[in-house]
Each structure stands twice: as structure tokens, then as C-alpha cells.
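Heads up, the chain below is alone and in the form predicted on its own; it's given as C-alpha cells.
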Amino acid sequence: MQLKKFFSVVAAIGVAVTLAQAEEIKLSKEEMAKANKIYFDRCAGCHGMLRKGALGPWIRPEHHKGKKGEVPGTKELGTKALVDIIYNGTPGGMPGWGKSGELTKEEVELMAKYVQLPPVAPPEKSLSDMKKSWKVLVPVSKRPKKPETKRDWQNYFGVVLRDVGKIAIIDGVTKEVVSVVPSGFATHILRMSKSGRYMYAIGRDGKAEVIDLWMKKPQVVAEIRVCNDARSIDTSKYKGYEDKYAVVGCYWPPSIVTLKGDTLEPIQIVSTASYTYDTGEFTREARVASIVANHHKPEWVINIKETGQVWLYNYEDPRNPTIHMLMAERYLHDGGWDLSKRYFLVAANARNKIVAVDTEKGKIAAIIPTGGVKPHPGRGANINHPKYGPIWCTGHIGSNDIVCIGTDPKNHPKYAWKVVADIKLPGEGGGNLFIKTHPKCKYIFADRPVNPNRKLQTQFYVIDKKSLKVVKTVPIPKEYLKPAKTKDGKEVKARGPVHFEFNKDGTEVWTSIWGNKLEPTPILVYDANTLKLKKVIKDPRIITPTGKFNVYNTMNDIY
């Protein structure tokens, strides 16, 4: 961002900033180790391992000349200003790490000093390195030949227990916790094999697991650490390749790793370091953002964040893959299918645009400005609207816009690839991370967990699919937002509701109370149409629940 814009953001959160005189920063070996871990856990996803920015801004010591002007170096800003920003957050979507209690004042000051030092070069990882971590915990020959449970396993929910590195498997009918299994740190997403039998998890530490849902008590049957930082995983779903392969997209080293679907044995690694689609600059940190399996061909749609390229990666011969590169926009992030499952829509959040990829013809169908700031759709929400036909909607981190885009150029060409609705969430600022709907529900649900306003953060928003207006805000009962206490007596508040998922038949919507590691927080189950709270799932093992993924909906791309 420009220096002027930076100051305006800082002023908006009540911070007085003057350019600091350069101070000598020195950290001990122990402090560096601690800061490295905090940065990896909390900061690298948005600012990049090399701190050159993506969803978040450039935070290196030196000045940077960006497209919109000079970006100040952290050294020039100084410790005091950086402490204020890290502690309080910003209206553009950066959490207030100190204000929320997730970092202590000492840790905030440590990070303010750390980002004024040159970034530490993260380690690389080879195929042989991966194999050292590869474990088949239950051989394929010893796994069930048919489901061992009488439960409706396709109505299981996989729930990410983010900060404790675990996955809870919950029965969508009885609401019982069927199993809790280990995972990588801060699991980002869960995906299902085509058959639904296998659930795949990918942690931010690059550790992948496959969980067998046919077991009476689901458990991890294979695991591997393919990289040091990752966000995406998916499987082969085209006819003839069902459940055969899995793929992980890595943040660092920036790469694509193909694995055997049932054992996670590594097959091939391909670097994604490349040249930006527009300026042709070489980018070492070209991270893989989101991956989906094409329904029309044996290929994955792989989105390369920093270069603004969409790769159509053919997996027919995984040792000798072919890649069709599409020049799109920056920085590519998350996205989902339209109703027809022909078009994949992905956010280019640095340019406030959505890229529509025609996966049948293998080309970019359109690039659409959203009008909002930093689109963040998750998978997005699909509606068959009475006026506009099929539309797909996204929220935004940096503004209060929920934007819907027409996706049917054949039958509704007048609205295709245009914004047909810009729904304003009440109150100032953004903070939305996820929206979700279901074909059998009349509403879209939106969260706002990273909005700095406590009231806006602790309620969710209900949008009518016909009128495309917010018709209700639902505050979370205060009894489920009780602050936890640290050992020294300090109170730490839960963020509030995050992420929505429907049960198999679309009659219920689940949301998590995003807490912290100090104590468990519940999952709230609402009637998807009356909006009444039906069930509160509490369990001492449910700690920092965030993403929830219903097996049936995920395997069938229903959202």
C-alpha cells in the first residue's frame, strides 16, 4: 500500500505514527526461534514466507516500489507503530493479535522487532525428504471391504480443531463425536475422495493425512509431510480415476505434489516458481492457493497465487504430467464451482476481481471486478435465482460486500459474468471469511469473525436468496462467548461464529465458536429455515473448532 494509505489505515484504528529513527534490533537465538514459529503459525499465510505480501502487505525492512507507489519498510516504521498495528489489527481484515489475546504483549513486541529484520530463508524439501515422513499406518489389505458402521457415514462432519492439530468426526444425525484423530498443525481444509470413503486433511505445516470413514471408529490410515507450509489438497475424480490419486498444493517450497490416493505414497513433485502473468517477473514464492478436480477431464485446476496463473494439471500420467497454463490475475486465492460445475470461480484478491475458468474448454471465460475489497469466497454460494438464473456469490475480507455474479452465458447471457447484486452487511468494515448455502435452504449464511467490532464479530448474517437482502442478524448467545482465562488471570475472548456447513439434506446449518486453546468451545446447530438453535455440541475434546465439512456435500461439491 502507499505510505499515505498506510497512515490513513493506522489513523483509523487510533494509532499515532511518525516515521521512526532506525533502531538497532537484536534478538537472541531463543527469541528468533520463537518469533519464527509465531510468524509461520499466524502471519506467513497472508504476508508470505519471504514477507513480500499477498493478501497482506509487504513487511520487509527495506522500502519497496509497488504499482501504487512506495511501500515503507518496517525498519522505517519502527517498533512502536508496528506494535500498535499487530496488537490492534486493521479495518482491512488483519486480526488484532494482542487485542484478541492470541499473542501476549511481550509476543507482540517480539514480532514488531522480528519483522524489522531480514526474513529467514525457509528450507527446501525434496521427494526423498518427503519419503522419510511417509507412513502407512493401516495397510490397504487390512482396511474394511465395506462400511463397518450402521451410522450414515456420508452424513459425518469433519471438524477442524485448528490449534490443537486434530480432526473431530461428528455424526450429523446423532451429533455424537465418533472419533478424534491427529492431523497437521492448523489444518486448512478437508476434502473427500470421489467415493466419499476417504477424508483428506492438509495442515499448514504441510502434513497430509487420509482418514478411512468406513471404519467403525474412523482413523488415520496414512500420512506424509510433503512440504513446510501448505493450504490445499484434493483427489482424482474423473471417471476411471476415482480415489486413485491425491494432490497437495504447497506454499513452501512452492510446488505441486502428486500422491497415491489410498496410501499417500509420493509420486511426483513439480515446482510452481514461475513468471508473473502480467509483468513477466520471476517469482520464487509462487504459492499454490486452491485446487479443485475437474468434472470434465482427468485434471486438477490449480491456482498459483503470486504469478496469477491457473494451471490445468493433467494426471493421466502423474510421473509425466502435462500442464496447460492460463494467464489470469493476481493474487489467486480460494474459490468454488458454479451450479453447472463447468466454471470454476476463484478470487484474485489483490485486484478485487473474480476469475471464471471454463474447465470444459480449458480457457478463461471472464474476469469480473467485484466492487468489494479482497474477495474471500471460501467455496462461495450458488443460487438458481428466479430473475438472474444461476448465480455465484462471494464475501469480502476488506469490505462489507456480499457480491453475486451471473454464471450462465447460455440461458441468461444478459447477466453472465456481471455483478447482479451487491449486498451490504450492516455496520462498517469487512471481516467476512465464509458464506454458504444449500439447494434446499432459502438463505445464504455469512460470518464476520475478523471484523474488529465486537458486536459485528459475534453475530452471523442471514441473506434471503430471492430478494438478495440481509433479512436477519443472529447474535450468538453470550453464554457461548464466555472468555477463557490464562494462568495469570487474563481474560481471552472467543472470536465468535466462523464457517458454515449444512447437513446432508440441507435442513440444518452448523457454525463453530472460534475460541482458543485454553478451553473447549461449542458447535451450534441451527434449523436452516426457522433459524432456531436446535443443538449445542459440547465436548472437552472440541478445542478451537473452525472449518466443518459434511462428507456428502463435500464429495458432491454442494455449496
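Treat the numbers as computed from the prediction; the structure is a model and nothing was measured. The numbering used is simple: start at 1 and walk along the sequence shown.
Beyond what is shown, the protein has a form predicted in complex with a small molecule; the following relates to that form.
Residues placing heavy atoms within 4.5 Å of the small molecule in the model of the complex fall in a single listed stretch, namely 426-434, out of 319-327, 175-183, 465-473, 426-434.
In summary, among the residues Tyr315, Tyr198, Tyr251, Tyr343, the only one with a non-hydrogen atom within 4.5 Å of the small molecule in the model of the complex is Tyr251.
Interface residue among Thr370, Thr187, Thr235, Gln116 relative to the small molecule in the model of the complex, by the heavy atom within 4.5 Å criterion: Thr187.
At a distance threshold of 4.5 angstroms between non-hydrogen atoms, Arg191 is in contact with the small molecule in the model of the complex. Heavy atoms of Phe502 never reach within 4.5 Å of the small molecule in the model of the complex, leaving it off the interface. Among heavy atoms of Arg351, none comes within 4.5 Å of the small molecule in the model of the complex. The small molecule in the model of the complex is not approached by Arg151, whose heavy atoms all lie more than 4.5 angstroms from it.
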